[in-house]
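Two separate entries follow, structure 1 and structure 2, each one form of the same protein chain as structure tokens.
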Structure 1
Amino acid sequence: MDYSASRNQIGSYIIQAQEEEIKRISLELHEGVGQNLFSILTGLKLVESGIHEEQYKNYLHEMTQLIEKTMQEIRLLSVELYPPALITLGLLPAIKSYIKVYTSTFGILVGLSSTGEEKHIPEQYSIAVFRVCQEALANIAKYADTSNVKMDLSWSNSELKITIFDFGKGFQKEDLEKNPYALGIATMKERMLLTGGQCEISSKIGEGTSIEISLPI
């Protein structure tokens, strides 16, 4: 095997192993820790209902509230790590759900459109596309200085195309080489290449940045 082929295989293996580990932690949090907390909460509520001393009742109530808050945190963290919608409902619902969280986190509005009929994509590929979109949107929040993003998904029989345009300040390729942002872009490109797809980025100062992702179906 030549050097470049072996390098690609290693890259693919690392990314896949990382995704599997993230999924494992996410499920462990949701199914394991989350379920245990739920059992503790049910038990504490039962104890609370049987206690008459005001002081202990209040204390228990505070504890149940803290557990409820922790359960919410665990649920959100688990979804943040690995979106369950991606497996159960598919790529488009997972992106829609992420965009909701994105707007409420960064205040950036995302106009999403999808044309054509959504096709089934194997999990390994849909997670790659999802992660690339996630990275693109995170970069927009960090660097683009914009309040609006346009995201278009176009489904055909043989290909899924996604365009993300940010209407932001844009950048010059030469500046990118010195920027840590460049590593993120290289990773996005690498991820898409491993799926057999592509990721192209173009930018104009003062006009915005466009990210085009394509995935053969």
Structure 2
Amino acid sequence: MDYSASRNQIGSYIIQAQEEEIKRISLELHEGVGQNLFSILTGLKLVESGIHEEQYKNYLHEMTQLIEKTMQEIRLLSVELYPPALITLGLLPAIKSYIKVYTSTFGILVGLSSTGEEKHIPEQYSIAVFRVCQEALANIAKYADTSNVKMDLSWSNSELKITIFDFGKGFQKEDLEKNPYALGIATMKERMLLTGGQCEISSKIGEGTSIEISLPI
């Protein structure tokens, strides 16, 4: 086995191991921590209904509201870590589900379009593409200074192409090494290379950044 093939195999193993760990944490948050909080919430509401002193009743009500808010945050974190829709429904529904959470979190509107018939993608590749899109959107929220993103998926019989354009402030390619965006871009490219696909980024100051992802299917 040559050096490049060995490097790719090790990289693929590391990413797969990371994804298994992320999946385990997501399930534990949803089914373990989330269920325990629900049991505590149910118990507190029962106690609250039997208390007549106003002071203690108000205190318990504040506690139940705090637990409800924490449960909602854990649900969102669980979906962000490992969206159930990715496995049960496919890549496109998972991206739509993530965009809803993304827009409600960052206030950035994402115009999503999809042309062609969605094809089945093996789980490992589907996760890789989802993570690259997730990283791209996260970087836009951090660095692009924009409130609008356009995302297009194009399905053919042999390839999936995804273009993400952010209408943001952009950057110069020669400044990329100094840009905190650089590590995220390198990770995105590495993930796509391990699937046999590609991830290309182009950007102009004041005109926004375009990310083009391609995956053979």
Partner chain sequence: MTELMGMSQVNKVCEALKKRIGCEFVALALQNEVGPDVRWHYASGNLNDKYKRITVRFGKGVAGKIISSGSPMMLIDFPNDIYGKVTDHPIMLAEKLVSCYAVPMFFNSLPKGVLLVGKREKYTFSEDDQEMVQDAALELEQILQNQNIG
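C-alpha atoms forming the largest set that superposes within 1.5 Å between two forms make up the rigid core. Because the structure is predicted, anything quoted here is derived from the model rather than measured. Residue numbering: sequential along structure 1, first residue numbered 1.
Matching each structure to its source, the form predicted in complex with the partner chain turns out to be structure 1. Superposition of the core reveals a Cα shift of less than 2 Å for Asp152 between structures 1 and 2. Put the two forms on the same core and the Cα of Leu109 is off by less than 2 Å between structures 1 and 2.
Domain rotation between structures 1 and 2, with the chain taken as two rigid parts and C-alpha atoms superposed, amounts to 14 degrees for the smaller part. Once the two forms are overlaid on the core, Ile67 shows a Cα shift of 5.8 Å between structures 1 and 2.
Structural comparison between structures 1 and 2 after rigid-core fitting shows the C-alpha of Val47 displaced 8.4 Å. Taking the core as the reference frame, the CA atom of Leu76 shifts 2.9 angstrom between structures 1 and 2.
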